[in-house]
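Okay, here we've got a single chain as structure tokens, the form predicted alone, with questions on binding and movement later.
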Amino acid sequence: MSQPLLHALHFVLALLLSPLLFGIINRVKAKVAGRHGKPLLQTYFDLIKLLRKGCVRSDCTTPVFTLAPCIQISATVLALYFLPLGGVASPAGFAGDFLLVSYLLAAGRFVIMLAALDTGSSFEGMGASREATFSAFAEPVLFLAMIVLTSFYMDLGHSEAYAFSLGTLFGGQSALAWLNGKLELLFIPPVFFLLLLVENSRIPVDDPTTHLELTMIHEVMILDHSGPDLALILYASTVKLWFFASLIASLFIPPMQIWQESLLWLLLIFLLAVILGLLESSMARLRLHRVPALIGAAGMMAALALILSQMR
């Protein structure tokens, strides 16, 4: 089977299974709390229910509010397509594609913030302000982590065009490197895990189940969305979670046969969902002024990995 077709199959599989991550997280949290909890497929049920409903939009909103969910889901799905999935590089990959992917995710986040401001609600504007602040801290950390991986491949003698591609950065060589003594690369998975928490508004950065406007970040921005609009935003959140989970999983998978890499890729992503459920069951949301310190810790780990890699 050709590589583009294999990547397309993995891509479709990711789109179909991404809502399952929320179900796993909720089931783990319920089991830890001693409750029966929601069904594993509850997110699918929620999406179907929302798609069957109508949209209610305020008279004061503009087309920005209407188009924002469509732009967000399009940008998020396109970002996922550029990512190596199950050990198979994207046929659309090119040198520097991680910059495009980073800004596709940023564009999705930006339009939701615009939609929140478009409602004229002070609460939603407050959430957009917090989202912008944390994103401004997280984005340099993401680029710094990418630079660490890029410098590693350039040290191996690869060309710039080769080293700046997501297909290379997450193609399996990183796992072989830290297994063979490049232990500084072990700092990178925790960095991406902390970025996952920030970018997906998970505990301890934000509580996706809270209903207190004064403490919400992401959820407060979508209070005015309903029906299919809310379904698109919810589905985009599941795809974005799968995106970051896939990044982390790819750092632990060495080059193997395709079916082995694909199976291990799925197992690691679902394992990350279990870890998220355990984490959210064992700690509370941090105070807002402590979140930048958490992002700063991720940046320090990435910087330390870069310094150690240059000392060899």
Partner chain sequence: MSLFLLSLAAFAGAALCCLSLAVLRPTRQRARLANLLGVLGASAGSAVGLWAILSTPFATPLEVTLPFGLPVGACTLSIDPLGRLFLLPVFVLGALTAVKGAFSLAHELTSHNLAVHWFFFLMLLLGMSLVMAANDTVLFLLSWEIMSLAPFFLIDFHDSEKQVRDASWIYLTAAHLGAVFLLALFVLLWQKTGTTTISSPETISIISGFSPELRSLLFVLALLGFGAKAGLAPMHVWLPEAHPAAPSHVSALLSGAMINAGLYGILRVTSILSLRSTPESWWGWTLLVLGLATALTGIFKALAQSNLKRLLAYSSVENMGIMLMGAGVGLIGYTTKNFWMTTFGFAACLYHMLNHAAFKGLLFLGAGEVLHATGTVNMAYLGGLHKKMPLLGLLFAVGAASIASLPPFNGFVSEYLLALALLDAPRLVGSEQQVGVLLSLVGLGVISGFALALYVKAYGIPFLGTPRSGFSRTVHAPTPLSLWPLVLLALLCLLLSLAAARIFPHLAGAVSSSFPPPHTWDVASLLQDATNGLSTICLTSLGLIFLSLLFLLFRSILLRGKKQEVRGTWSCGYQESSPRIQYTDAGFTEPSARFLKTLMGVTATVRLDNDIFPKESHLSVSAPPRLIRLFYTPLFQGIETVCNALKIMQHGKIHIYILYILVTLCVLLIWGVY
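All of these numbers come straight from a predicted model, not from anything done at the bench. Residue numbers count along the first chain shown, from 1.
Another form exists, predicted in complex with the partner chain; not displayed. Remarks below refer to it.
This chain is drawn without the partner chain; in the predicted complex, the residue among 88, 113, 195, 241 with a heavy atom within 4.5 Å of it is 113. Residue-level contacts in the predicted complex: of 190, 125, 172, 204, one residue has a heavy atom within 4.5 Å of the partner chain, and it is 125. Residue contact with the partner chain in the predicted complex: residue 234 places no heavy atom within 4.5 Å of it. The partner chain is not drawn, but in the predicted complex it has a heavy atom within 4.5 Å of residue 228. Heavy atoms of residue 57 reach within 4.5 Å of the partner chain in the predicted complex, making it an interface residue. Interface residue remark: residue 200 is not counted as part of the site for the partner chain in the predicted complex, having no heavy atom within 4.5 Å. Comment: 61-69 is the region of 61-69, 33-41, 251-259, 274-282 lying near the partner chain in the predicted complex, near meaning a non-hydrogen atom within 4.5 Å.
Shown without its partner, the chain has 92, 94, 95, 96, 98, 99, 100, 103, 104, 106, 107, 109 in segment 86-109 as residues with a non-hydrogen atom within 4.5 angstroms of the partner chain in the predicted complex.
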